[in-house]
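Only one chain is included here, represented as structure tokens and corresponding to the form predicted on its own.
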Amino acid sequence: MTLLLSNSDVEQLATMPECMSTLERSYVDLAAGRALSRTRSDCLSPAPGDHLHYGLMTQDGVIPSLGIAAVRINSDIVSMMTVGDHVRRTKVPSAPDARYVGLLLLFSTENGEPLAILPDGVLQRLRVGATSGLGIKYLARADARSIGLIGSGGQARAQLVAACAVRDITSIRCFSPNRERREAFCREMSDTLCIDVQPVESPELAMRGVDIALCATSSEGVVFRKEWLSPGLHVGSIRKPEIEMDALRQADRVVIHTRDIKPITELSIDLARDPLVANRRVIQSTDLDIRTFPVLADVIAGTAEGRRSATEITCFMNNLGTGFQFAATGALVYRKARELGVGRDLPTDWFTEDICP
């Protein structure tokens, strides 16, 4: 039988510490070449409405030790709008009943059968947060107690939960441009984490003097500046554009998530003329070649160094997501769902065929 799960099922099945533990073990397989991940692929075409386009995105990964292969598929309407000083890439809930479309398909590497179908929403946040949390585990000071955060969305929540799972955090300051959302986020996370999460009026106020600086935004531009660096600081980001290139140049140790620096992207002729969309693929002449930095999997496997001293400035750039992450976290969710009897079974022969494709 093929298991059908919902986001609410995933919420009750997967915790942040479990996701981090599963990913940590699986990154060792990735570093050794036993696990596989293919570069993300985007096909983009126009959509009705101003500054909107359609995107079909796929990611996949295979982890034989877990017996799982995963394919993530997003069918999105995307807005590229300038807000303040930054272009923001925002998914628009345009499907019926104002919903999004993101699916994760899990397959057996033993016989090829489809094991599970589930939405990607909860796992998307968990896998990004868990990966950033592993960056903190290996790169932040062991005595780190304070966090500065830029962002107040779902990814920001996951970043804080993961950080607090690996360090004894006692104070958090948060900035995001929308005062109402920022204050609501801080109230929510104060209750969730039982830590005082303070809203502040500028990104500099959030970042100055903290032990860990986290960026979790949808911005296509810089949100973290080199002026905010200080000895012993760890900086984490979930998007390459968030950190100023000069801040990376001044850091003592930079680790990236993957050497795939950009998705494989195909643009329709109409979008190729739209700079807000087309320029997302452009590597600026002033950018560092981040492919020269070690990847997180190698740090976890012990073939690359993590933090070496209390005064080092470290940075983890979670520069591009991978299907591998969804294979690892998906395997965790599938195993627990079977153990606990969660989800709905569908006949596997609905998804298999007797004609060789």
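Numbers for residues come from their place in the sequence shown, where the first is 1. If you're wondering where the values come from, they're calculated on a predicted model, not measured in any experiment.
Not pictured, yet referred to below: the form predicted in complex with another copy of the chain.
Novice: Pick from 298-306, 328-336, 314-322, 58-66: which stretch has a heavy atom within 4.5 Å of another copy of the chain in the model of the complex?
Specialist: Stretch 58-66 is the one.
Novice: Even though another copy of the chain is not shown here, does it sit in the model of the complex so that 33, 125 and 355 each have a heavy atom within 4.5 Å?
Specialist: All three within 4.5 Å in the model of the complex.
Novice: Tell me, yes or no, whether residue 26 is in contact with another copy of the chain in the model of the complex, where a contact means a heavy atom of each within 4.5 Å.
Specialist: Contact check for residue 26: no, nothing within 4.5 Å of another copy of the chain in the model of the complex.
Novice: Using the partner position in the model of the complex, report whether residue 293 sits within 4.5 Å of another copy of the chain, counting heavy atoms only.
Specialist: Close contact is absent here: in the model of the complex, residue 293 is far from another copy of the chain, nothing within 4.5 Å, heavy atoms only.
Novice: Determine whether any heavy atom of residue 182 comes within 4.5 Å of a heavy atom of another copy of the chain in the model of the complex, and answer yes or no.
Specialist: So residue 182 does not count as contacting another copy of the chain.
Novice: In the model of the complex, does residue 262 come within 4.5 Å of another copy of the chain, counting heavy atoms only?
Specialist: Residue 262 lies outside the contact set for another copy of the chain.
Novice: If the cut-off is 4.5 angstroms on heavy atoms, which of these, 110, 188, 168, 201, is the one near another copy of the chain in the model of the complex?
Specialist: Result of the distance check: 110.
Novice: Answer with one of 80, 267, 229, 245: the residue that has a non-hydrogen atom within 4.5 Å of another copy of the chain in the model of the complex.
Specialist: Of the listed residues, the single hit is 267.
Novice: Even though the chain is shown alone, can you say which residues of 40-63 have a heavy atom within 4.5 Å of another copy of the chain in the model of the complex?
Specialist: Contacts from 40-63: 41, 43, 44, 45, 47, 48, 54, 56, 58, 60, 61, 62.
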